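The form predicted alone is given below as one chain in structure tokens.
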């Protein structure tokens, strides 16, 4: 079944995927913003909204309301895709045919209440909620350093993209929180909710006409001129490779290499790039795993990953600190091997199979499907999962070699142990 698009007007689009694969109906509402200096404010908003609304004043009351909808669940989150900053509000509702009651309308009504009718005091958010959520938010930002593997990748991106919006962490900066209060956060929220594009994805065994009807009932309201979210610049000439070393309390070094792919997310070359990344470091069959981890015993883990929407790729591995030079040499040798066409049929076939498995597994999770559709929209393409798989199947060894020539090393980041005093 193709995804059905129903524009609700005022920059709000509804997308419906009718499938009988799930016993639940999942609704994901995404608010799109440009990643910018106000990231901390933007990232804080969903946490404040879920604390209480105009009609359902506390989080406890919200949970109770959802329990009365036969255990409907709610989650909120914030993340980035390229230089696009996204708020996500998700509801998972039971399929109506199993309970013989109209929970869907109750869920849509709740979603409208959650996102558009926050609890306010005069022209500000509820002060106590904002204070508490600021504290939670600060702890979240400060604790990112605890996951050293992810932190090393984030730091590599930050160093690589200094001065570009992509360098901004999706939760913002803890030092910004001191300047945020219930009044200026509410002002910013109003600006966002009135001007930012909104996409809503409904996945489940539903009647599209009925879904459209109830969303029109609750989401038909005036908004201002809708902001156009621009695509980031992905082309950047690397004049000189940056080498960054950071001393932290670690016993295992984290070596991360950041590359510019110079491949647009909607180009034909993207599929070859995906296969390239898989051959390089996509699994136990890949060059990084076989040569850096297994044969040379230089890494505890080694993988490559693409950032499709910003045209970036990272190679990340955990190594003994003294093996930095050896590991760096052998990693760069694997890229050279691909560029020179030394790709085994086994590597290519295994990569494609792994990609097919990964894409097909998205069909088994409603939110993964929503995220896939959202990614396609942001990339400026509209392939369904099976069509996407067909594009990967077409990729030849020659295509992979060709795309490998575009990839340029930009930054080498190394997280190492504390310096000896």
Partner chain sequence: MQQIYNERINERIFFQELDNGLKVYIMLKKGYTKQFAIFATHFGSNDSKFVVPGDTEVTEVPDGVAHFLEHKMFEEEEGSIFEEFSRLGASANAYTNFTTTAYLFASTDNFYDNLKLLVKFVQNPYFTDENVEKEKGIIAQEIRMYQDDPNWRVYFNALEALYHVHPVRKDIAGTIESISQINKEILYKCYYTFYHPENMVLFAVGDIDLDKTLNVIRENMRREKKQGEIKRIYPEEPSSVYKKEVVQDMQVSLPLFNLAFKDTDVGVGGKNLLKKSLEIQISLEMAVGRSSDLYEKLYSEGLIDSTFGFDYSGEIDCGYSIIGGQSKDPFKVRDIILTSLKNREFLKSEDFERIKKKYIGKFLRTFNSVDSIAYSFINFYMKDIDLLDYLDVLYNISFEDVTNRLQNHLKEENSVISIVNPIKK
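Being a predicted model, the structure only gives us computed values, none of them experimental. Positions refer to the first chain, counted from 1.
The discussion below concerns the form predicted together with the partner chain, not included here.
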query	finding
Contacting member of 318, 82, 106, 197, with respect to the partner chain in the predicted complex [4.5 Å, heavy atom]	318
Among the candidates 124, 250, 226, 220, the residue which, in the predicted complex, approaches the partner chain to within 4.5 Å (heavy atoms)	250
Distance check, residue 58 to the partner chain in the predicted complex, heavy atom within 4.5 Å	yes
4.5 Å heavy atom contact, residue 208 and the partner chain in the predicted complex	no
In the predicted complex, residue 346 touching the partner chain (heavy atom, 4.5 Å)	yes
Non-hydrogen atom contact residue 92 with the partner chain in the predicted complex at 4.5 angstroms	yes
One stretch from 279-287, 229-237, 164-172, 177-185 that, in the predicted complex, holds residues within 4.5 Å of the partner chain by heavy atom	279-287
Triplet 18, 120 and 260 all within 4.5 Å of the partner chain in the predicted complex via a heavy atom	no
Residues within 4.5 Å of the partner chain in the predicted complex, restricted to 44-80 and counted by heavy atom	51, 58, 59, 60, 63, 64, 67, 68, 70, 71, 73
